[in-house]
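Just the one chain here, the form predicted on its own, laid out as structure tokens.
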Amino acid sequence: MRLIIDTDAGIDDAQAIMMALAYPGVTIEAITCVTGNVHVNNVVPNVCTVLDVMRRDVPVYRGAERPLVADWKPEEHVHGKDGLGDWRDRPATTRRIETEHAANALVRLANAAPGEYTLVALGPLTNIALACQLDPAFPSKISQFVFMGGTIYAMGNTPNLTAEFNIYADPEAAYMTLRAFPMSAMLSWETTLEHPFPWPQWDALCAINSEAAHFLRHTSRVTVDLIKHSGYAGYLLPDPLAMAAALQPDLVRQSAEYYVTVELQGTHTRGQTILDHHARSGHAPNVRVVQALDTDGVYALYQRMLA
């Protein structure tokens, strides 16, 4: 698999990237960075830190600094001010990134190898929408597009209660991207809530004696505290679940295809993904919605990446 990752490099993004870096037979050929959980000024060094921890070299591209239209606020209470949990002993990185803009890099890579790339988006879809505008044929040159974002039943996690953060952060970009791609795969917030790692399993991962597990343990403390305070039964895995579905499709136990679009106007619903549950819109399905996964298989991917 030839893989491109588009990310806003918060804590769960970092874990998803680590998962991909450790997966056999996968070549990550670019990581493109976008403002989302934190500003792209933090996203870029966060990606570089992950590559340092995993001792891997991947071209990194800086992308969109803000959403296309929406105002932007960081998710500091979820990911810390720096996006990686404000780990005090975080080592400095000296990596250099590419000078090409992320959207231009996406178009160039797709044109150089049409039909060969899997694209996994872990944050707002700003870079992807820009690539679609630069080259309207861009979606047809991507073999598989998987994104973490959206809601199935309007159970959101943002001030607009029906919207999930990645879509809420740039609704116009999500609307444009879903309209452009003939078929995507979506890992929703509700699917995230239904597939946590129970706390004893999470603690076992953090106890592994490796540099990667040390990174996991220290960077995830802020999210662990938040998740426990919120009363969830285990550690939530939004971006890692999306990455797992892309890397190992047989982990998907249930999915269904729907026509999906994004609400842009609603006072309380802007950023909500709208699913045509009963095929009444007249539009062909454009999104395969992942509804259930084998979490034991996902846990095995964590064990591999932390070994």
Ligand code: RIB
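Heads up: residue numbers just count along the shown sequence, starting at 1. What you see is a predicted model, and the numbers here were worked out from it, not measured in a lab.
Unshown form predicted together with this ligand; subsequent notes refer to it.
Contact with this ligand in the predicted complex, judged by any heavy atom within 4.5 Å, is made by just one of 119, 131, 186, 122: 122.
Residue 37 is the only one of 46, 273, 32, 37 with a heavy atom lying within 4.5 Å of this ligand in the predicted complex. This ligand in the predicted complex comes within 4.5 Å of no heavy atom belonging to residue 138. Within this chain, residue 238 lines the site of this ligand in the predicted complex, having a heavy atom no more than 4.5 Å away. Although the partner is absent here, residue 148 lies within 4.5 Å of this ligand in the predicted complex, judged by heavy atoms. Under a 4.5 angstroms non-hydrogen atom cutoff, this ligand in the predicted complex has residue 157 among its neighbouring residues. Heavy atoms within 4.5 Å of this ligand in the predicted complex are found in one stretch of 226-234, 159-167, 210-218, 109-117, which is 159-167.
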